[in-house]
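Next comes just one chain, in structure tokens: the form predicted on its own.
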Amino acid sequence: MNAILETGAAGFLARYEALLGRLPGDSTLRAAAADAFRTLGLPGATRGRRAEAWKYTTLQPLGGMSFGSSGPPPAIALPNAAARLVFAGGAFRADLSTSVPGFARFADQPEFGELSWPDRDPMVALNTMLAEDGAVLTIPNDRDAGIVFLVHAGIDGTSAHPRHMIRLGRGARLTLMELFEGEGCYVHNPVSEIHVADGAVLTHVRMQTESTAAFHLATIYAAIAEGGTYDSFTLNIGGRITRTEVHTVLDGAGAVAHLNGAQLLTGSQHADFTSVVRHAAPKGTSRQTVKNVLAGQSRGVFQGRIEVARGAQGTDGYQMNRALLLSPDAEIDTKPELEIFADDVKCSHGATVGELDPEQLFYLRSRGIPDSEARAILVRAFLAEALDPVTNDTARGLLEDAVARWWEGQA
């Protein structure tokens, strides 16, 4: 495909017009998404338009940038895994992937799903009108699919809009390990729709170590049926501007959702973790702990909302955001919310902001531990609660290695 230059919202729309007739899937849906994107534009990049959901994050830097639709393939660090699916610049790389049962390409089997809201969310609208490839992964009833790696590599000077559909049948199990990396300046705008059937368990671990010049803008929709579990963890380390937006609905009685994460930022990085957990059925449980470690002039954002419908009696929801500021120039914006229409519920939320405890530092230093190592010990202890829910040894090891490399870069 020839490169198509893009400049801001108008450039993305020009790319859509150039690709008309060649994009897979429902052309009517794509046209409606394009109309919505014309109206919504890039958040913060259009004067006079302000969306509350994007109150703390602006994509104004994207407004004057140009991106192509293709470029030279990047170097990709592949996991040594029996089951892996690799996408570079949003396109499937069969030569780097392995055979994974239940996998199909979005390009061959386009599925947009029914959970997303392209009419309300500009980045979902952008993805809906430009998605060309992605992973469609179906796990049959009662099948334990083990661990599957979904690897994404960004390409300098390009924008990618992969569309993923993950379905787990009744009683199925899957650990999905998503890795995001890349080189140079690019846009990565994936949208994922996830369905967890009765009694199924999905462990979804996302490790984002994109280029620090890149824009990572991910939206995830998950629906959990009766007795199902969606257990997710996101680690954001890379990216110039990062936004992880998760919409989860507990559709069946006894459904469980864990939305945990950590954001480790330095320099002038900006990372936004936004979540909406909707309890639509009785006796659902949700847990969310998101931690931020902020150095330099970085800025972290947490927006978390728990919604409890009128009939969702017996709901148990918990939400906590904690931030550790390693620099006087670092900043955190936090906005936890509860909206409850049932009367038999147990819901709580909270937020804390602080710095390394000087007394704890003094204690460690007084026992001969160097300052940098003492700080590392306290940072790792701060992050331990967020990482503890990740029980898969492979996933936990990759996350801990990434955290250790990040800290070494601060020394």
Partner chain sequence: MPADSETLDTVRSVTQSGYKWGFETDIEMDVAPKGLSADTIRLISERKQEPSWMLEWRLKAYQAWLAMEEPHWARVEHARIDYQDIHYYAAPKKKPGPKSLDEVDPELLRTYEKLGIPLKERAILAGVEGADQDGYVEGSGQIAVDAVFDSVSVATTFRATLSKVGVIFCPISEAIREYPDLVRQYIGSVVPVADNFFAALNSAVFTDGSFVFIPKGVRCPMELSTYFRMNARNTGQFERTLIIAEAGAHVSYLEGCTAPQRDENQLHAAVVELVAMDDATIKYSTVQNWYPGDAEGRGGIYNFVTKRGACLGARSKISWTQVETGSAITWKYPSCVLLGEDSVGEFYSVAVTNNRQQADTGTKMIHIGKGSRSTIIAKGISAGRSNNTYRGLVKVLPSAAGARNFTQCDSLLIGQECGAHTVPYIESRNRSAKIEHEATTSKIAEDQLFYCRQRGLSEEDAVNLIVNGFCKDVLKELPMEFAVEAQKLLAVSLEGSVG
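Just so we're clear, the structure is a prediction, and the values are computed from it rather than from any experiment. By rigid core we mean the largest C-alpha set that fits within 1.5 Å across both forms. Residue numbers count along the first chain shown, from 1.
Omitted here: the form predicted in complex with the partner chain. The next part is about that form.
Taking a 4.5 Å heavy atom cutoff to the partner chain in the model of the complex, the contact residue among Ala135, Met123, Ala330, Val205 is Ala330. A heavy atom within 4.5 Å of the partner chain in the model of the complex is found for exactly one of Leu40, Ala32, Leu378, Val353: Val353. Shown alone here, Glu385 lies farther than 4.5 Å from the partner chain in the model of the complex, counting heavy atoms only. Proximity of Trp117 to the partner chain in the model of the complex: non-hydrogen atoms within 4.5 Å are absent; the residue sits far from the partner. In the model of the complex, no heavy atom of Leu361 sits within 4.5 Å of the partner chain.
In the model of the complex, at least one heavy atom of Glu337 sits within 4.5 Å of the partner chain.
Only one segment in the set 177-185, 191-199, 318-326, 138-146 has any non-hydrogen atom within 4.5 angstroms of the partner chain in the model of the complex, and it is 318-326. Although the partner chain is not shown here, in the model of the complex the stretch 92-118 places no heavy atom of any residue within 4.5 Å of it. Core-aligned CA deviation for Asp26 between the shown form and the other one: less than 2 Å. With a cut-off of 2 Å and the rigid core superposed, Asp371 has a Cα displacement that reaches or exceeds the cut-off between the shown form and the other one.
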